[in-house]
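As a starting point, one isolated chain is supplied in structure tokens, in the form predicted alone.
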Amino acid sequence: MKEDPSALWRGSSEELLKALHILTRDGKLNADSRRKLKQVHHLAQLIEPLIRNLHSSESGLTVVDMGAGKSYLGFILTDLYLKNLAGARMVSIENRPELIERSRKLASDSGFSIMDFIASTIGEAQVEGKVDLVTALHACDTATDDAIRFGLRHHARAFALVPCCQAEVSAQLGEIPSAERSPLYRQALHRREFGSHLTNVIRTLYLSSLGYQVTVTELVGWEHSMKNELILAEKKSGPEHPEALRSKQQLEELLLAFPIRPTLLK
């Protein structure tokens, strides 16, 4: 029996789901696509409260997706939420021109005129006008830090980040002489896992020290992906707020305990 995608998807474009390979070409859901569709909905539902909080009927809403790839996340957020919001704009940043052109065609075919596509690296990206929400899905290693720095340069009011493959801090821990390494990261496997965890803790403390309210949650079950940490941050105060000052102190203490200097703080 064919399962109705509308039971799982509140968007309007079945053709979009086919283009994103969530539906098969004949519009069916197989076991893999059903699981993927549930994961997509789960991510969108976690980001939706930020969109609701940030949108203003007077000033609209600009979402910028960094390292967008095939712009799956941008299309999903547009179809589910943004296309129905006054003044909403979705900007996808991707440095591969062929993916930009493919996404532009899909946006045109789907009638998503609020979507813009910019060919650029994350570190060099420039967007005109205000930026409300910055997203980065599986931006590898320091690309997540570049996305955070982009958002801070543009005074973004919120972030939704799914980091991936953090190698920088692990490499810095590996430069410590073997005899001086803590048991926490003496073994190479532990060093990779601990370095990844430490990287994300630094990111959350840094954002919190600037006045963002930060929440870290699980994106999907561990059986699907080990790279599933979702960092949600929304600007609530300035860096002089007591909670921000507390986070700044905790970050300084953490950096004293571990001889590292990640890109985000350079």
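C-alpha atoms forming the largest set that superposes within 1.5 Å between two forms make up the rigid core. One rule holds for the numbers: they count along the sequence shown, beginning at 1. Given the structure is predicted, the values throughout are model-derived calculations rather than measurements.
Just so it is clear, the following notes concern the form predicted in complex with a small molecule, a form of the same protein that is not shown.
Comment: the small molecule is not present in this chain, but in the predicted bound form one of Leu99, Leu152, Val127, Ile176 has a heavy atom within 4.5 Å of it, namely Leu99. Contact with the small molecule in the predicted bound form, defined as a heavy atom within 4.5 Å, holds for exactly one of Ala156, Leu82, Met115, Leu137, namely Leu137.
With a 4.5 Å cutoff on heavy atoms, Glu94 counts as touching the small molecule in the predicted bound form. Contact between Ser108 and the small molecule in the predicted bound form is not found at the 4.5 Å heavy atom cutoff. Contact check for Val63: no non-hydrogen atom falls within 4.5 Å of the small molecule in the predicted bound form. Residue contact with the small molecule in the predicted bound form: Thr121 places a heavy atom within 4.5 Å of it. Residues with any non-hydrogen atom within 4.5 angstroms of the small molecule in the predicted bound form fall in just one of 143-151, 84-92, 181-189, 167-175: 143-151. Core-superposed comparison between this form and the one not shown: the CA of Ile22 exceeds or equals a 2 Å shift.
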